[in-house]
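We begin with a single chain expressed as structure tokens, specifically the form predicted on its own.
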Amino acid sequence: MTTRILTGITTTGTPHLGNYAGAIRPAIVASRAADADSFYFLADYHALIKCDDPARIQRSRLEIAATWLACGLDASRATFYRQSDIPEIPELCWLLSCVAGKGLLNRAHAYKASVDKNVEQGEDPDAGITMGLFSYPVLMAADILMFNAHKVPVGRDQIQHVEMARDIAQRFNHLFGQGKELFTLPEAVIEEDVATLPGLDGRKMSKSYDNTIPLFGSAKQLKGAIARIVTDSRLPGEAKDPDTSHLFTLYQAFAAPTQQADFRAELINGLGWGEAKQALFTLLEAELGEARERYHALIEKPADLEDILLAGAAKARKTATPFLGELREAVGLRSFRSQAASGVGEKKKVGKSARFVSFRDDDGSFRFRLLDAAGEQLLLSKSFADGKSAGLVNKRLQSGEALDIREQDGGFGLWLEGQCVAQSPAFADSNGLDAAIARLREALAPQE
């Protein structure tokens, strides 16, 4: 089975060594797997939320595109495109905005952090907060759901956004799917073994701290940056502790196991910091030298990069355009010609059927309701720690397997494997209880 993987790269800066080790290198390796269908894009709409410098965004788009290709991304295998070249994405963002709850977006970490900062400073809670920042999770959901990605590699700070995409997708499916799963529910992938590199001062390598090592600066610039890595005051001949050395952590991220073992031993045996930094420079130059040459060749030919990205966009739109057409049909934005041809206007309105509605409680847990054709609640599920667990129970209830219904507390509970997974409201008498159980069995009966 092919697994569709989707990754976005925000175009607000120049890639550095930490970006390469933490995101670019593992993503390119993953794209070469035989069962991978990879979608990698430049998130330039997202960049507008964080940056209002057009020249910086334009330069960053060029540098990031060149970086991925120079590092070995095969654009003929992966789908590599700019977000802004896919007009279906902002349209889908609007469709999703119309079903995304404001309460859900109120809980987004970035928005809450901005509000908390304003409150701490005595400002209006929403001072300086744009709709772009507030609705960032919806645009990210559109990026993911447009291509029905199965897996989305993200950092831990982005897990919530993938969970929000699942929530929004579930609601859209329930409202407009008519029994069909229009959107695949994406799964966040956290790669625990991917390197998080320390910067020159030992903190996480980040442009925010101005402690980065340039990825494709000249050899002289690379050597100069390495020379500024903070070390302790131990002299040549004195034993160094590799486990507390930022320099060793950097070396470890690029060295083979035997190289790591040798370097560790040399530090313990008194290798001087100057020689250690030279060893790191030699290692990084071997890793990046050829890619640096490819990068600068690409930077010098922006028209070639443009052609590659437009070809990637055309490839992506072969999926996006027909799928958006299907979604427009689902929500009622249909052509009058197709309505006339199908005789839709002459048909009787189809009655509503029972449906599941998934939602998220204020405490962050996941639940679902089963509503009958009249919209009356038949079941309310227990709380689940994550959306995936709730979805699995939901699917089992719709699978047609025998129902374990037990009367309790004036109503009834639905049990799976010895646990009550959902419960009905209480009823005034046994007639109401019996009628509700009958409606439940009808709602969960296998479809012909």
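Since we're looking at a predicted model, the values are computed, not measured. Each residue number is its position in the shown sequence, starting from 1.
One more form of this protein, predicted in complex with a small molecule, exists but is not displayed; see below.
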With a 4.5 Å heavy atom cut-off to the small molecule in the model of the complex, the contacting stretch among 28-36, 44-52, 395-403, 410-418 is 44-52
Are L6, I144 and Q158 jointly within 4.5 Å of the small molecule in the model of the complex, each by at least one heavy atom?
yes
Quick one: does T14 come within 4.5 Å of the small molecule in the model of the complex, counting heavy atoms only?
no
So in the model of the complex, is the small molecule close enough to L288 to count as touching (4.5 Å, heavy atoms)?
no
Taking the small molecule as it sits in the model of the complex, is A253 in contact with it (heavy atom to heavy atom, 4.5 Å or less)?
no
Can you work out whether V154 and the small molecule are in contact in the model of the complex, taking contact to mean some heavy atom pair no more than 4.5 Å apart?
yes
Only hit among L222, M140, A78, A316 for heavy atom within 4.5 Å of the small molecule in the model of the complex is M140
Contact residue in the model of the complex, chosen from F359, Y136, F281, F323 - any heavy atom within 4.5 Å of the small molecule
Y136
